[in-house]
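Only one chain is given next, in structure tokens, and it is the form predicted alone.
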Amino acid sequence: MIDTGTATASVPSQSTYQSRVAAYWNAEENPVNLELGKIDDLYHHHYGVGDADRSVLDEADPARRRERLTAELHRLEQAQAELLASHLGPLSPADRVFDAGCGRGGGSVVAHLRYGCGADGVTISRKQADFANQQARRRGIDDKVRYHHRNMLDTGLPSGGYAASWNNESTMYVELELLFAEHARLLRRGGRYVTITGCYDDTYGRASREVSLINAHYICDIHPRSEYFRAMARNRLVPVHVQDLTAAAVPYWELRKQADHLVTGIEDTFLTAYANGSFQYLLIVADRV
């Protein structure tokens, strides 16, 4: 059994930029993250994929419409989490997995429920780590699923100790070269890495106006698609499956745009970026060699 420990410094080693990101997430109380998670105590910090049940928009009763919209958006984001987990490879309860940029912890719970495996999640937000650990205790899985207030670029977790690892919409907050070096260090030989991420399409040219607006909204830096594959190749991560989820992501954003209680003002920007081809939503699966 891996001794991952739970004690960390009060503030992980991080750049000034990362400190700003941590401060943002420590203060964040966005309904689009919290209201959806309250449905089944699976709190995600990513978007959704798949066909949407648009009949929720025809609901006449305002309170019921709001309830059905929230539930449908959560169903789509849960489908995204399950899609990622399905690509983590053949895992057993004896394996451990690593959730980089784990947010409030939903992805680690999904992996544990699917495979019975142990999980370590890392976030630079103390508030998120505390919340996620509380949720694990409520579920009675805190002996298997643990969350740490650490920097995903320098986790201090054991080398070669993980059968699988992933980022779910968190790669845009870090340098890919440093990130993939840490994943390669943590994964055992033959281990599986998975990411679902938004990236800008190199064939469009430079980052579009819409991509710049998304960066400003989330205090992030969206990478070009090509950089993912270059950085993976330099860090012993060999892609074995790539899937364009752009079309599958559109229904989520179209539905969210209609959810007055959840909109954040960035919905039209995402839809425009997807439509003009400057922005893509990708699933990348790679093996550590």
Ligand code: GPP
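Note that residue numbering follows the sequence shown and begins at 1. None of the values given here were measured: they were computed from a predicted structure.
Below, we turn to the form predicted in complex with geranyl diphosphate (GPP), even though it does not appear here.
Enquirer: Which of these residues, Phe131, Tyr204, Tyr173, Tyr115, gets a heavy atom within 4.5 Å of geranyl diphosphate (GPP) in the predicted bound form?
Expert: Selected residue: Tyr173.
Enquirer: Within 4.5 Å of geranyl diphosphate (GPP) in the predicted bound form, heavy atoms considered, which of Ala52, Ile222, Ala259, Leu42?
Expert: The residue in contact is Ile222.
Enquirer: Are all three residues Asn33, Tyr218 and Phe279 in contact with geranyl diphosphate (GPP) in the predicted bound form, where contact means a non-hydrogen atom within 4.5 Å?
Expert: Yes: each residue has a heavy atom within 4.5 Å of the partner.
Enquirer: Can you work out whether Ala136 and geranyl diphosphate (GPP) are in contact in the predicted bound form, taking contact to mean some heavy atom pair no more than 4.5 Å apart?
Expert: So Ala136 does not count as contacting geranyl diphosphate (GPP).
Enquirer: Considering non-hydrogen atoms and a 4.5 Å limit, does geranyl diphosphate (GPP) approach Ile141 in the predicted bound form?
Expert: Result no; Ile141 lies far from geranyl diphosphate (GPP) in the predicted bound form.
Enquirer: Going by a heavy atom distance of 4.5 Å, is Ile214 a contact of geranyl diphosphate (GPP) in the predicted bound form?
Expert: Yes, Ile214 lies within 4.5 Å of geranyl diphosphate (GPP) in the predicted bound form.
Enquirer: Taking geranyl diphosphate (GPP) as it sits in the predicted bound form, is Gly101 near enough to touch it, meaning that at least one heavy atom pair lies within 4.5 angstroms?
Expert: Taking the distances in the predicted bound form, the answer for Gly101 is no, it never comes within 4.5 Å of geranyl diphosphate (GPP).
Enquirer: Out of the stretches listed (93-101, 115-123, 165-173, 185-193), which one is close to geranyl diphosphate (GPP) in the predicted bound form, meaning heavy atoms within 4.5 Å?
Expert: The contacting stretch here is 165-173.
Enquirer: Residue by residue through 90-127, which ones have a non-hydrogen atom no more than 4.5 angstroms from geranyl diphosphate (GPP) in the predicted bound form?
Expert: Heavy-atom contacts to geranyl diphosphate (GPP) in the predicted bound form: nothing from 90-127.
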